[in-house]
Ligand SMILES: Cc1ncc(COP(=O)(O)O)c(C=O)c1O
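A lone chain, given as structure tokens: the form predicted on its own.
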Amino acid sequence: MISDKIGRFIVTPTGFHRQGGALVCDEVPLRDITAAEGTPLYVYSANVIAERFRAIAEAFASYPHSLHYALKANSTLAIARLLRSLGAGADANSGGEIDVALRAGFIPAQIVFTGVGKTQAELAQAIDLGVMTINAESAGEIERIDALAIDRQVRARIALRVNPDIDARSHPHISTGLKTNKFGVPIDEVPDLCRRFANARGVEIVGLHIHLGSQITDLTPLRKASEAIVALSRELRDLGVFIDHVDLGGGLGISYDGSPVPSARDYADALLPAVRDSGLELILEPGRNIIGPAGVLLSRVIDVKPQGNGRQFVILDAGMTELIRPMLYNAFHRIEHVETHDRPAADCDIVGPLCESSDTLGKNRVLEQPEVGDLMAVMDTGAYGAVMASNYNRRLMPPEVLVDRGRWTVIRRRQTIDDLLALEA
């Protein structure tokens, strides 16, 4: 916030907005960053990340809780370090993400280890470190944790991942809470499993974990899941199994197309009524909701081709190797000119340069007539953009830039062909 000459306070927009027709990130023109770093390029707003993390923290402030940032959404070191500095813990889904969390400055007691297929090496890593908890997916995994912990003469803290058979009402590829999904233990099997391992020498059951999926914009499934897991905790207490926390996962969606979505306050209002009287600490694992709107993918138009039906192919220098979500989930991302021009509107299919017909970032879009060399922004790509990028067609990974307080920093440099081939004989 700044003041003008007569003392009035003016709110300065944060994140991505337009100044004089040009798209900026926290007052830094995106054209200036691309002039220095080229395209394709990911740009993130530190201000947006901080604002969105704090919104969730404040919404749940009335109840004991901890927020463990889901590294799977974006695990670039600088992003992880920023979230740690804001007070986040870490949710890791692999041994590699545990290593990233440690290098970002998280201590083991701040790390929750999740994942449906943890290897022996990964489980041993988590046990040796003494992570906050391992979210166990099955009876077989608990047996493996138990054996590894006994060998080390320790007792590992575990939470049981519960599958409640509740539909997240999002895309089927990112739904994880139905009995037909591969995740967790069916809810009706949990009491027997707890009785079986109640006195195990190598594991201590300290929590229940539930995660319905991703990009959830209807809060009804999340409310039902919180009610189900708290009811289950009471059933376990009656059996003599006492836990100290419930982990309700993440999954709160964002608006990719401008339509209304639940706020952080709505999220808290949906979950807290069920948890408030339980006496259990609450753990949440937000990812996309924090980092998704904080990033854009910048790309240049490299060709414009008529289709013969009144529509044009607008070919960018970024595609499925930089953002695979539209190809995997038919996901929608807004696509905009970074700088506006006085041109007529055109009906466009925005496509990438890859040798795949599915390499399409947006179909049936009406844009100001694109021309070769125009700079384009694919919006809301902070989550599952860079982290899912690939080297298909031997394309090089783009750099990542973080804008913080009016200055920008390269937080991952552009990959070189020597980087790409360094592991090859």
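One-based numbering along the sequence shown. Bear in mind the structure is a predicted one, so any value in this text is a computation, not a measurement.
Another form, the form predicted together with the named molecule, is not on view; read the next lines as being about it.
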Pick from 234 to 242, 138 to 146, 194 to 202, 207 to 215: which stretch has a heavy atom within 4.5 Å of the named molecule in the predicted complex?
207 to 215
As a check of understanding, the residue in M376, A70, L361, V43 with any heavy atom within 4.5 Å of the named molecule in the predicted complex should be identified as A70
Classify H337 as contacting or not contacting the named molecule in the predicted complex by the rule of any non-hydrogen atom within 4.5 angstroms, answering yes or no.
no
Hey, in the predicted complex, does Y384 get a heavy atom within 4.5 angstroms of the named molecule?
yes
Hey, in the predicted complex, is E285 touching the named molecule, heavy atoms inside 4.5 Å?
yes
Does G250 make contact with the named molecule in the predicted complex, using a 4.5 Å heavy atom cut-off?
yes
Heavy atom within 4.5 Å of the named molecule in the predicted complex: which residues of 99 to 133 meet that condition, in order?
T114
